[in-house]
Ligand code: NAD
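One chain is shown next in structure tokens, namely the form predicted alone.
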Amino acid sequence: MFELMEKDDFEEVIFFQDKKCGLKSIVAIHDTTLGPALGGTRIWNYKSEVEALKDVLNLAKAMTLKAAAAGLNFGGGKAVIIGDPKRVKSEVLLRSYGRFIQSLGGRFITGEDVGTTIEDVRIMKVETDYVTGVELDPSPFTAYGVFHGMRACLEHVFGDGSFEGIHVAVQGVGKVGSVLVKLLLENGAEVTFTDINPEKVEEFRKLGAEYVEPNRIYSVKCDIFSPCALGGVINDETIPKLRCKIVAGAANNQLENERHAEELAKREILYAPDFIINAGGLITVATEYVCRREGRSVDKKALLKEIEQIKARLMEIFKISEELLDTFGRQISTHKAAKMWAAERIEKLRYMRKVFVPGSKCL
């Protein structure tokens, strides 16, 4: 356990259980240099506890980078509850989990994720102050950020951010992917999609999007391949199948391994780092939490403008990627450039906070 934590310098990993209601949960707090850890709670039917642990660690680490790169004063954390969400979820389980979150005293703030809903978070809120995303659904804002991030990719590759005549292959039309597909269609893009939900397939076919079987989505000839389901889909098996110029989507941890960013670059495929392009939802829940603490409502216009800055951040990261070289004299990957960019902010503020300030506190 400590070897896993030391590898990526995790601060804390907490295991919760409540036998009476069947709660089995893991919370990973990666880095709180910038503020309390912020990250959603995922309910998933993991094959093993080890798989759950690896997932929560990977997700928490990505949240540190995402918050830092988005300019937020929050650290990175994540939580998982082990079990099939259709079977394990109950009022008692969610409230029991909320009490465990409250016991952390604000070191970890959570919200919805895969397998949880806003209603679930509202039930947690009965027992804890440390939840967010109960007023605004973050999913549409995530999609809005991905949409503007795609504009940056199109400008970088084609010199024009317009979606007219652009073909996008979307993997997954869940809470985020469905909103993204609608935005793409409304702005003149051609969309091919896949999903395992028959109702979703029928819905988006009626809207004019073309459906393909899940295993065929990688080989669709398109301008943008957009992973909007689970992570690890960019790997040794799928990269050779890709027939796109850009990979830009909403899924977390899209790369199975960091070296796959280099593999994409070798094939002249531009990769929009996931923790940059999908930060719209995190920006939303962070804004809601701060506004609630300060007793004011969220200014939605200002929030949308902040999310639109994802486009500018990506353009800056693409520039860094082109200008910096690795030890072999090659351009560094966009993924590495994004990690460096986020890490630089964390380290600067870590150094600044070396001075003790009596009475100082985080959010």
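Numbering starts at 1 and runs along the sequence shown. Quick caveat: nothing in here was measured; it's all calculated off a predicted structure. Here, rigid core means the biggest group of C-alpha atoms that superpose within 1.5 Å across both forms.
In what follows, reference is made to the form predicted in complex with the ligand, a form of this protein that is not presented.
At a distance threshold of 4.5 angstroms between non-hydrogen atoms, Ile196 is in contact with the ligand in the model of the complex. In the model of the complex, the ligand sits beyond 4.5 Å of every heavy atom of Gly161. Taking the partner from the other structure, the ligand in the model of the complex has a heavy atom within 4.5 Å of a heavy atom of Gly174.
Within this chain, Thr110 is remote from the site of the ligand in the model of the complex, having no heavy atom within 4.5 Å.
Contact annotation for the candidate site: Leu57, Lys266 and His335 all lie away from the ligand in the model of the complex (no heavy atom within 4.5 Å). Shown alone, this chain has one stretch from 221 to 229, 149 to 157, 89 to 97, 234 to 242 that lies within 4.5 Å of the ligand in the model of the complex by heavy atoms: 221 to 229. Checking Thr287, Thr128, Asn252, Thr192 against the ligand in the model of the complex, a heavy atom within 4.5 Å turns up for just one residue: Asn252.
A single residue from the set Arg122, Lys200, Arg292, His167 has any heavy atom within 4.5 angstroms of the ligand in the model of the complex; that residue is Lys200. Residues of 130 to 163 placing a heavy atom within 4.5 Å of the ligand in the model of the complex, in sequence order: Pro138, Ser139, Thr142. Relative to the superposed core, Phe318 shifts its CA atom by less than 2 Å between this form and the one not shown. His335: CA moves less than 2 Å between this form and the one not shown after rigid-core fitting.
Residue displacement note: Leu59 has its CA displaced by at least 2 Å between this form and the one not shown (rigid core superposed).
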